[in-house]
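One chain comes next, on its own, written out as structure tokens in the form predicted on its own.
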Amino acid sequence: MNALQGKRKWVPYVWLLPSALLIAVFVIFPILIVFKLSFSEISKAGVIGDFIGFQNYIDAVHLPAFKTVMVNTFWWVISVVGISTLLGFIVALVLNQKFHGRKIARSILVFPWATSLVIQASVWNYIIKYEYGSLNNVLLNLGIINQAINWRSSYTVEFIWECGVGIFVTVPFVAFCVLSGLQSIDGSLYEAATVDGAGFWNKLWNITLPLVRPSLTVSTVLNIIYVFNSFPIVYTMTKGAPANKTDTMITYLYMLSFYDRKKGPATALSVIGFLILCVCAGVYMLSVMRKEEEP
């Protein structure tokens, strides 16, 4: 009997072994390789040289566009994750109500998230074109404007458009994550709150938000990772122009590696980005877990 119980203890580990091996080969091993490369001299041709310590990191931090790129990345992540979380939560609340055409509305909501980001960015590029963009054509035909507007008049405006597209494609993901949490809430809780005289805001703060917090935590952490690592939108819309003013860290290190041939600093930047993501995701999850443990 004891021998049988001993064998059963190993069963979960046997089932987990294939996944653990895949994670080790395709996640942990590449991360270790990148860390090693960041401390090595790398030629423009990609030939790995000797160990040079933190020189790649020093070179990366002293790059002219480093500060601008870091600030852009901060605002890119904060604006896209923050606004898409707020809008996604509101959309989820609406789609959780019973109304005619709810299934159609849910189906339509999937499209922006399911469509390729390159296609989305290309379509928005066409929409806001100055010469023949759809937005100017519609506004001119409706008589709202008298002449075409340059919707990309400065790099700041272009960066705002990039953030807008990022929010547009991220809202559906948040909405469906929150919607899954909303549908798991027992309706009797709302009925009891109504009997006790609770209004909409009381129900929202005391029932809805606490019970959908796990879903919000998952969507927020995943969004931080996805948005931080997002490449297609920025690269398709502006390629970081002008002079890296609209670059985020991911597009900048790509340009640095494959256009400027500075592979050492680019590798160091990738490690810096990885560490920033680990810290941000870890701090957020710890703060959420502490709130859940509070009485």
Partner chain sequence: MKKTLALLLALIMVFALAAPSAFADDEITLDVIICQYGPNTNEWFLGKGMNGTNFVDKFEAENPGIKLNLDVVSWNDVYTEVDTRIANGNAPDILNIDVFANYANEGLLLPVKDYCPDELFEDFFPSFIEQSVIDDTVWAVPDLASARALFYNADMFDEVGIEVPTTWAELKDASQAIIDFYDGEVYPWGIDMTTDEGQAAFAYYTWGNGGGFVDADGEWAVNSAENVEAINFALDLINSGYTNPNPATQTRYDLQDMFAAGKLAMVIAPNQLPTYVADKGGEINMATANIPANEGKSSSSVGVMDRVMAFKDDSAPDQAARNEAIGKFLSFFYDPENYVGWVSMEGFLPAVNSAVEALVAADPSFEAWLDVLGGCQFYPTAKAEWDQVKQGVIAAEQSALTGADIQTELDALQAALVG
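Residue numbers count along the first chain shown, from 1. As the structure is a prediction and not an experimental result, all values here were calculated from the model.
The next section is about a form of this same protein that is not shown, the form predicted together with the partner chain.
- When you look in the predicted bound form, the only residue of Ile48, Ile58, Ile52, Ile31 with a non-hydrogen atom within 4.5 Å of the partner chain is Ile48.
- Checking Tyr254, Tyr226, Phe39, Phe66 against the partner chain in the predicted bound form, a heavy atom within 4.5 Å turns up for just one residue: Tyr254.
- Comparing 264 to 272, 66 to 74, 239 to 247, 23 to 31 against the partner chain in the predicted bound form, the single stretch with non-hydrogen atoms within 4.5 angstroms of it is 239 to 247.
- Not displayed here, the partner chain is approached by Tyr130 to within 4.5 Å at the level of heavy atoms in the predicted bound form.
- Contact annotation: Tyr155 falls within 4.5 Å of the partner chain in the predicted bound form, judged by heavy atom distances.
- The partner chain is not drawn, but in the predicted bound form it has a heavy atom within 4.5 Å of Phe258.
- Residue contact with the partner chain in the predicted bound form: Asn202 places no heavy atom within 4.5 Å of it.
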